[in-house]
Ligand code: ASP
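Encoded as structure tokens, the following chain is the form predicted alone, with no partner shown.
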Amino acid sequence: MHLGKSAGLTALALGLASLDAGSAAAAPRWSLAIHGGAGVIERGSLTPEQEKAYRDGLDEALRAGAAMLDKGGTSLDAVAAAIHVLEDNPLFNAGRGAVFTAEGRNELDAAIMDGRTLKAGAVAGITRTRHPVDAARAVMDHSPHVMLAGEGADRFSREQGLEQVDPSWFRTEKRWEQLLKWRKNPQAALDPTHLYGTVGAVALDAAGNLAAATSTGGMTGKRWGRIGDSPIIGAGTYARNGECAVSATGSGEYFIRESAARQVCDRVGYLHHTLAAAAQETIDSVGAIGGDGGLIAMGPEGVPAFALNSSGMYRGQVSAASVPQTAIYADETMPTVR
């Protein structure tokens, strides 16, 4: 099924929270934006109870990241703190609540990047680390590498003393039922309201440093050690001071082909596009080759941009000058962070 490529959705996405850097009087002291995946989220597709649960989960993650930034923590600390909350929330496809592979396993991917140093870390296919984003950061901070995968990544995580859990920790009945449906009919397992289940965060700290992080369980029924865009630096995750920090969610193979996260920053840095325009142009380029989803981006002014070509994306923002705000539907806007 192909999600919206219409000009209407593009216009709606462009209307989401964004601000030209030149019109910003002053950057917030700090700023944070998050996402919890994208999909076919039409108004009325969620019950009031479901919508409240998603908004509450996003709000909790925003407050965790904000608490870190408000006490002078780094943007790296903030994106990790926000993602911790989402990785523990079974509503989202990351950590607990991750989808199952065709073999009935939870294989988790994550990445983090420091915009100040351009250091980055990523893990793919890990199976026992409670917070995969912590494993990604450990790769960045305590190894000479950028990405570790599979058994080696699991071993590295244990050696780093990160919290390990039994694989059953990640299991939820909802995700298991999706796998059983997938085994009968690969199309039946698709949850249209959370088709592209990934969580991510981007932040600017009081020192002016940007960071991005992304975490995911991947796709229901994935096989052969499939890895999507989330842990690939430059595809689903990227950060560079002075330009932008990006976390994406969507049909990962297409985001990889377009180097989507890096593309946003290049459009800002080399083409001097506004962050909002760069984000939307990148989603348009992903859509042009058949991809769907969305992304969040943060610039050095502390004003986030949200772009999507699906009918919804779980998302939120908070800054030193504003309270946490959340949105779900494509036509839903949030006040501009100032």
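Quick caveat, the model's predicted, so the values are computed rather than measured. For every residue, the number given is its place in the sequence shown, counted from 1.
There is another form of this protein, the form predicted together with the named molecule, and it is not shown here; the text below is about that form.
- With the partner omitted here, the residue from 115, 95, 252, 121 that has a non-hydrogen atom within 4.5 angstroms of the named molecule in the predicted complex is 252.
- Between the options 226, 183, 171, 158, the residue in contact with the named molecule in the predicted complex by a heavy atom within 4.5 angstroms is 226.
- In short, of 211-219, 159-167, 261-269, 128-136 it is 211-219 that has heavy atoms within 4.5 Å of the named molecule in the predicted complex.
- Although the partner is absent here, residue 237 lies well away from the named molecule in the predicted complex, with no heavy atom inside 4.5 Å.
- Contact check for residue 198: a heavy atom falls within 4.5 Å of the named molecule in the predicted complex.
- In the predicted complex, the named molecule lies farther than 4.5 Å from every heavy atom of residue 75.
- Contacts of stretch 276-293 with the named molecule in the predicted complex, defined by any heavy atom lying within 4.5 Å, are made by none of its residues.
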